[in-house]
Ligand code: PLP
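Quick setup: one chain, the form predicted alone, written in structure tokens, and binding and motion questions come after.
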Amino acid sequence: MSKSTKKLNKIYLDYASATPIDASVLKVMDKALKQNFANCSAIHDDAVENKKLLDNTRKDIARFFDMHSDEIVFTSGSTESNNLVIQNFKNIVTTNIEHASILEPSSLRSIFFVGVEANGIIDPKKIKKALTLDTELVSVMYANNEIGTIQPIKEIAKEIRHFNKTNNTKILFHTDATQAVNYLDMNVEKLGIDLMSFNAGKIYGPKGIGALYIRRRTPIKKIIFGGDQENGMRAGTENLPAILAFAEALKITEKIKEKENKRLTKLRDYFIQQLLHTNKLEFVGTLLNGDEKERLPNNINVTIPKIPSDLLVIELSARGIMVSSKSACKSGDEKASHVIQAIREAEYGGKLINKEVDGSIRFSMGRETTKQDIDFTLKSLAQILSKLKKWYT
């Protein structure tokens, strides 16, 4: 068990929901809260100094993604960034496994939903087939927040560019990269995207700060009014301490990304192997949700048939193990995960097997997760399943 989990007598395996703030990031933010509190829009010396700091920090963040600094709009998080995008367009192509902050604002628009494949990955050819002369925007998340599958963003971008060139259209491409920043290539030029949402709360930075990348000359209008901050794109006093912390979190992420990816991938594969192929657990018919390899290195999402997800989460929590059954943003919704439903419907040709939907749980690892944590979780899960034997026999 890691040092922090020993101290609290808990094992945290819900990093996809929220990451703890890094000590170095907290130090930067704490200093800024005390020293850089002046409003960047004022004209006195302290404000002018903070405005320069804001501009330089924007440049630092832009370099991480190979963006221009004037292509970044700071927001309160990915949910706001996603809303800013979706509410600017009428005719949209998206998928049936997107985050609620894409799906819910889409409800008032003309939407074509592309269905995911049974392995949790979108087929770029199906995106191409969905495009029409009226399509204005395609939105496909980079990595799924529930099952961790990595989407072929570069290939989708190529299909969109080809369609635009052939039909003289200007369809834009947006990706929600919230879960991807810690682990994947984030060069926006290589990805071929026009818009991208991301935030600090998933990369060991503070909650309540995010950003939207808007490629130059992309027609986007603000949806929050009351000021001309962020180049007129987002009204409201800039949260400079959080922005400085955001930049520090990205700096740390970039430094350790390669090493951490290798470490977590090894742990992930061990976890999956133990869940699916050990005598203690395979007897319940555990299913892995999403492709085994084309997934984030920290994500393990499985279905244990017949046993309700919430029951498993509660039983694990009682043993000091923190996991999720679906996106934290929809945890209060009694419905089964729409992502799990989507891949089951694809697998069974549109026929949903309800008994398999109930028992999906997401284990998401992070920087403090150790093999000892995983072994304790596996042991605890075996004990829980033995206790709940009446549910599956």
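The first residue of the shown sequence is 1; numbering continues from there. Predicted model, so just to flag it, every value in this text is computed and none were measured.
Keep in mind that the form predicted together with this ligand is not shown, yet the notes after this line are about it.
Trainee: Identify, from the list K222, K128, R263, H99, the residue with a heavy atom within 4.5 Å of this ligand in the predicted complex.
Mentor: Among K222, K128, R263, H99, a heavy atom within 4.5 Å of this ligand in the predicted complex occurs only for H99.
Trainee: Considering this ligand in the predicted complex, which of N182, S78, T95, N298 comes within 4.5 Å of it through any heavy atom?
Mentor: Looking at N182, S78, T95, N298 one by one, just S78 meets the 4.5 Å heavy-atom criterion.
Trainee: Should T149 be counted as a contact of this ligand in the predicted complex, where contact means heavy atoms within 4.5 Å?
Mentor: Residue-level check for T149: no, no contact with this ligand.
Trainee: Under a 4.5 Å heavy atom criterion, is I304 part of the interface with this ligand in the predicted complex?
Mentor: So I304 does not count as contacting this ligand.
Trainee: Might D176 be said to contact this ligand in the predicted complex, defining contact as any heavy atom within 4.5 Å?
Mentor: Yes, D176 is a contact residue.
Trainee: Using a 4.5 Å heavy atom cut-off, state whether K202 contacts this ligand in the predicted complex.
Mentor: Yes - in the predicted complex, heavy atoms of K202 and this ligand come within 4.5 Å of each other.
Trainee: Look at the stretches 78-86, 112-120, 267-275, 285-293 and give the one with heavy atoms within 4.5 Å of this ligand in the predicted complex.
Mentor: So the stretch in question is 78-86.
Trainee: Hey, which residues along 134-163 are within 4.5 angstroms of this ligand in the predicted complex, non-hydrogen atoms only?
Mentor: Result: M141, N145.
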